[in-house]
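Quick setup: one chain, the form predicted on its own, written in structure tokens, and binding and motion questions come after.
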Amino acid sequence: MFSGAQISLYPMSDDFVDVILKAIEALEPYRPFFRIETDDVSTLIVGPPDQLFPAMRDLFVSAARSGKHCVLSATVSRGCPGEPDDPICTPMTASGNDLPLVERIAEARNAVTRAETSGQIVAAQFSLYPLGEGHHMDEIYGCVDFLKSSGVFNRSKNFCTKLRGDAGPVFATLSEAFLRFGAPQGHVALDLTVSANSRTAA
């Protein structure tokens, strides 16, 4: 199954180049498991779906520890029918995604409680899109139920859900939403914005 993310990082600082380049170094431990390509617009990471959000977490936390206001924007996808399967990607068969919805919500909640903290507070808003035929609204409502009990739920907004808390549990919540909701072999996309160190946090 093809899975990956296009990521853009925006440090609000005159030394944004140094902040970005240092943050990209945080992806080094993932290089054996990912195809990583960086250009002047974004960084593409392609690889195992369960490692996408840990990689983004480490990238963003590295940038945010500069103390500068930083924003990450990402489009994340798994099972895209328009992309050939990549040998570095792995299927979703062991994710528990085929369990009944109520069990997936409980498993996702338990996974977030085990997430390690990073010491970096972040805010995130995202939208989940389980694409294709089927009961996609059931999956979305189930995901929202999980988010409200995740411990990092902030509020519902038009077209998205806002999270706030330590980067560890926040990115773990995003990962669980991405992995456990939507058909196991179906196409699921997630649109994400994460912010840290904003002077106008609300």
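Just so it is clear, the model here is predicted, and its values are computed rather than measured. Quick note: we count residues from 1 along the sequence shown, nothing fancier.
Quick note: we don't show the form predicted in complex with another copy of the chain, though the next part is all about it.
Exercise: L44 in contact with another copy of the chain in the predicted bound form, heavy atom 4.5 Å: So L44 counts as contacting another copy of the chain.
Partner contact for V17 in the predicted bound form: another copy of the chain, 4.5 angstroms, heavy atom: Yes.
Would you classify Q185 as touching another copy of the chain in the predicted bound form, given a 4.5 Å non-hydrogen atom cut-off? Outside the cut-off, so no.
Give a yes/no on whether C160 approaches another copy of the chain to within 4.5 Å in the predicted bound form, heavy atoms considered. Answer yes; at least one heavy atom of C160 falls within 4.5 Å of another copy of the chain in the predicted bound form.
Contacting member of A106, L131, L99, I121, with respect to another copy of the chain in the predicted bound form [4.5 Å, heavy atom]: Here the answer is residue option L131.
Candidate stretches 150-158, 53-61, 23-31, 168-176, one within 4.5 Å of another copy of the chain in the predicted bound form by heavy atom: Careful reading of the contacts points to 150-158.
Using a 4.5 Å cut-off on heavy atoms, what residues in 2-37 are near another copy of the chain in the predicted bound form? Stretch hits, in order: F2, S3, G4, A5, Q6, Y10, P11, M12, S13, D14, F16, V17, R35.
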